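First, one chain by itself: the form predicted alone, in C-alpha cells.
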Amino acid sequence: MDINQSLALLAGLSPAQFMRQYWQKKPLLVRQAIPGFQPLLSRAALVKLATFEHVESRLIVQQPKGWRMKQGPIAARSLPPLSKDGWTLLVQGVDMHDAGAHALLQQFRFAPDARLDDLMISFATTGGGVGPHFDSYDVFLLQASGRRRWRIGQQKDLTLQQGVPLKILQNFEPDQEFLLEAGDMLYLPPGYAHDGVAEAAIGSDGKAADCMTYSVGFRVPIRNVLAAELLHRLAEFSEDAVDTAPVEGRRRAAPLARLYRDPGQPATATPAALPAALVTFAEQAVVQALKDPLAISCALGECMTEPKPSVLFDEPLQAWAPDAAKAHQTSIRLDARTRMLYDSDHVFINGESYRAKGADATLMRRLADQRGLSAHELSKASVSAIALLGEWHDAGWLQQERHGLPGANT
C-alpha cells in the first residue's frame, strides 16, 4: 500500500495524512468512502453464520421494559420477526469466514496488523441499535446498505445504566449528528461516545433496504493484562539454546530463574509470614525475566498473534508439494484466520515465534506484509524455509495454490 496516495476511503486523504491528523484524535465523516458499495453477505448468510458455535454473535433487543441480549450461537428461529422494530444481530470476525469481508479488511492495513482486529457486521430492523456507548478502541463504521443515524459526542459523564446487559451511558450528550447511507463511513477514535439507530430506507429496487453496518475494529492491549501474559510466556520459555538454521525453530530465552533454596532458614514461630528471602527471590525472578530484550519482543509477538479461542483451522485438502514450490509451480497465501507479524529478529505466526535471518527472513517478512508469496518469490526460499512453510500448510495456516499441475488449488 502506498501510504502517500490519496484514498476515497479516507475522504481524499492519504493514509499518512489520516494517521497524522485524525487517528486517535478526532472523528472523520466520509461520504461515499466506497461508492456503489453492496453488502458482501446477504441477511440470510449473516443469520447462518450466527448459528455456528465457533462464530461470535449476539442478539440485542430493545423492549419497552429494557434491553435483552442473547449470546450466540443463535438459531434462526429464535430471531424476532423482521416486522418487529428495535432488534439487532451482531456477528463478529466475519473476515475469518468470508473472502470478501477479508479483502475489505485489508484496505485498513495502513494501521499495523498488531492493532487491526476484525470486521463485525450488524443487521438491525428499524429503531435497532445497541444504545449510546463508547468503545476503548478505534472504529470505522461503514454503512453497507440502508440507513443509520449516528449521534456522537465527547462524553465527560461516563456513568453507565444499571441493571442492563449492555454498557449503555446513563446521560448521553451528543454534539454532532450524521445520517449514513450505503457507502458512507464514520471513523471514531477511542472513547468517543456514539449511538447508532437504524432508519427505514428504500433500496434502488423499490423494496425496503436492510440496515447493514460494517464495523472495522482495532485491538487495544490493556497494560496489566498484557504484562501478565508476557510474564507467563517468559516463564514458559525453555532453557534450551536455539540452533542456527536460517529460519530457526521456536525461540526460547535464557533461564529465568533457578530453584528457590533456603538452607539458612531458621525455625519460625510465625509460619504464615512470607519469608523475606522468598520475596527477594521473586523480585529477582521478575527482573531476570525482563533482562533479555529479545525474549520480551519474542513473547510480545507470540501474544499479539495468538488466535482467539474460537478460531479453528481446517485441514488441507491436498498434501504439501515442496518440489512444486521450488519449481515456480505453486504460490502460497495465508489463511484469513492466520495472524503473522515480525520484528528485526523473529517472525511470529499464530502464537509461535521463529528466529529469522538472511534471505529467508526477508521472504518471511514479505509473506507477512503481502499475506502471500508468488511462485517466483516462493522459489527463492531455502530448503529449511520450504519445510517450515510445509508445517504451516499442514496446520491449516496457509494454502498452496498450484499452477500448471493436475488437480484443483488447495
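Each residue number is its position in the shown sequence, starting from 1. Nothing here was measured: the structure is a model prediction, and the numbers come from that model.
We do not show the form predicted in complex with a small molecule, though everything after this point is about it.
- For Y187, no non-hydrogen atom is located within 4.5 Å of the small molecule in the model of the complex, even though that partner is not displayed.
- At a distance threshold of 4.5 angstroms between non-hydrogen atoms, T213 is in contact with the small molecule in the model of the complex.
- A residue is said to contact a partner when one of its heavy atoms sits within 4.5 Å of a partner heavy atom; A144 fails this definition for the small molecule in the model of the complex, lying far away.
- Interface membership of S122, defined by any non-hydrogen atom within 4.5 Å of the small molecule in the model of the complex, is confirmed.
- Note on contacts: among A295, M340, L230, V130, the single residue with a heavy atom within 4.5 Å of the small molecule in the model of the complex is V130.
- Proximity to the small molecule in the model of the complex, taken as a non-hydrogen atom within 4.5 angstroms, holds for one residue of E306, E181, D135, D113, which is D135.
- Only one segment in the set 147 to 155, 165 to 173, 321 to 329, 264 to 272 has residues whose heavy atoms sit within 4.5 Å of the small molecule in the model of the complex; it is 147 to 155.
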